[in-house]
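Only one chain is given next, in structure tokens, and it is the form predicted on its own.
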Amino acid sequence: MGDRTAFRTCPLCEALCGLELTLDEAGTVKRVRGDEKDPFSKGFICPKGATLGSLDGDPDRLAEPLVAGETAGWDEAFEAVRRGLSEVVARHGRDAVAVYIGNPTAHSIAGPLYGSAVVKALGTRNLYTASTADQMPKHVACGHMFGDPLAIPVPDLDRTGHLLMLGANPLESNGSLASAPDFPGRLKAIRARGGKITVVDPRRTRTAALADEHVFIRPGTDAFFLMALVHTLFAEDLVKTAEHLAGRVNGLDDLRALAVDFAPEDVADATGVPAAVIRRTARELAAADRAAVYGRIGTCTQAYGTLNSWLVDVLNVLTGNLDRPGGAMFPRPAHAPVYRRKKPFTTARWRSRVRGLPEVNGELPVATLADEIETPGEGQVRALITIGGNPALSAPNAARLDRALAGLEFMVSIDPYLNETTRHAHVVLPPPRPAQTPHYDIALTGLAVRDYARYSPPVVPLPDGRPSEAELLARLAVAASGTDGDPALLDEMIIKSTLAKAVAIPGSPVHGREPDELRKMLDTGTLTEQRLDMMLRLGPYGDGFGAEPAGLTLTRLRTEHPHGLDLGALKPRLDEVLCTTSGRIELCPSTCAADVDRLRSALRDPGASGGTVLIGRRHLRSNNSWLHNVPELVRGSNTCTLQLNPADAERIGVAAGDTVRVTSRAGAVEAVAEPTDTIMAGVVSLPHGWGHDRPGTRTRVASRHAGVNVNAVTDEQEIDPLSGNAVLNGVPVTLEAAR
């Protein structure tokens, strides 16, 4: 038969790039190139995507379940899961079982469709995810402003003329909360058409080097800078009353009053940004014909994460650029129903047992998971399910959590590797290889800078008896419920209930029709594909089960658009997404306004801007902790070094290659010094995701390139109070030469 070619979406980051795979007769991926026919990525590929074949064929990937460290059959493994969870629930109650869902689940079709079913089957309030070590502040800010925590505006990169970026390094990360293949090319295009890019960052990153202007800022002070921009817009009468936002905004006067105390001159010392630069930045933003402000993980993972996320979109509103071409706009994903009914956004429906931290989006902060495991008493976490996550490396004060995991009565993990977290698991359930897995970006197309859809069927069949990723999660949900029922009944229940709701809602394309009739019209593929087909048909571009004959179905997407379907540039849709109680944008939510008092108090603290602080770092050849076992990705610039300013290196008496001891309240690490003038004095940087030196793992390449874990010195006691997000940037540390 010879080699064959297959096409799919890359599942390794948020960029949604199309890939062209060359496979041999055995199904081995021999070559990976960019899919030139993909209308969104147009052939772009990064080093991570190019190594998908190595990841797919990694000999360290688990092929069979592990029970107590030994290879087992699937039925035996799921029976061990059912028995282990049932025993803990019987003795200690449902909240004694916690669930942790990691970042990779957002890069799949199965994770978003089935992850919540596992939590519901358990009936636990102890849900933790990577969101509270990442983007939760953005969800909270958008929930308060727009009523929907998933209504996140993204910069309209392809039409903007002025982009202000904070805490973002898309030339290394490929973009985040703004899915954009070839983010570098899109940035270059802004400059080519006469626009301007300004990057605000404590490091002169590759993104900052590409920009027209780079502004150094002291870590953790973005909220002061952003509030000073707001102050300047009001003080200099630069606020634009955009016609499309007229009568749609509450809180303008309240916001004006809040900003009075944050003049550029008042925040200059704290931020390290001269007042003149702040004023010019505000004026340029206001004067631009089309502009967008974009803040990412560096603005979220700090003490004022929610204030930062709120102020980013406050600026988009005040300059008239929200929901406007070239500004910050709301994507319209093909699978999202147009008839959704949404309740007003609220938080703190329950609180964590030990520290009393509020629930947000149905979950608790990962920063308190170790507390819940270690602290005796009613409701103590005794068992844990992890799905595609490695919190023993990625959580703040990860060393403490790692120790806590060892004391659990029972733990089950869905993961392809025996890594730093799953080495503690009593049962490990490995998902199939990427080539054996279907792909549709449920989470990420809702953040894309163009409306786009693509379905990638598996390119290699599963071996007989090998469950798919969706079947793994469905069986886990059944086992978590304490029964041994048919996992297919879960999908049938979801399909039936979704169709019943759809036909009952006025305005739905299927209002008044019979659910059984619609059920028979669904795709003939797997139950997962049938659920996706249902979502596409009910979506904004769907066929409405025949109501719009030219509309989208999964069959049409799969057969007529195998390289993906471009659904056009982003369109104004504020009326569709806005669901606050008032029906207006809440420009000055009471929760954010109250937290400004904390910001104001910190500004008055003369010691707030002193001392050395630690920030993270992204690498183009890395993604958190889960790609370090690919040989091609742990070469070249992807190294775990401590970047520090030459003045700081001289102060502590170290040169390039020397070892530096970095100490915080939580712990200490020793790392190799890399002096560089690309980082501010008083700031040091370690990359995220390293520390592969634990016993009991089976990741040989990662173990040979262990590095040090930055989260050994991040502090689980420090969080953003509005979102519960971990503070991973601006961490106070001391430095000394290691002897």
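All values derive from a computational prediction rather than experimental measurement. Numbers for residues come from their place in the sequence shown, where the first is 1.
Another form exists, predicted in complex with a small molecule; not displayed. Remarks below refer to it.
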Please identify, from 589-597, 128-136, 316-324, 80-88, the stretch that has a heavy atom within 4.5 Å of the small molecule in the model of the complex. 128-136
Is every one of E20, G53 and R159 in contact with the small molecule in the model of the complex, taking contact as a heavy atom within 4.5 Å? no
To verify the annotation, which of these, G143, G220, P153, P365, has a non-hydrogen atom within 4.5 Å of the small molecule in the model of the complex? G220
Quick check on this chain: which one of G539, G251, G102, G446 has a heavy atom within 4.5 Å of the small molecule in the model of the complex? G102
Could you confirm whether D533 comes within 4.5 Å of the small molecule in the model of the complex, counting heavy atoms only? no
May I ask you to check whether S352 falls inside a 4.5 Å heavy atom distance of the small molecule in the model of the complex? no
4.5 Å heavy atom contact, H231 to the small molecule in the model of the complex: no
Non-hydrogen atom contact V360 with the small molecule in the model of the complex at 4.5 angstroms: no
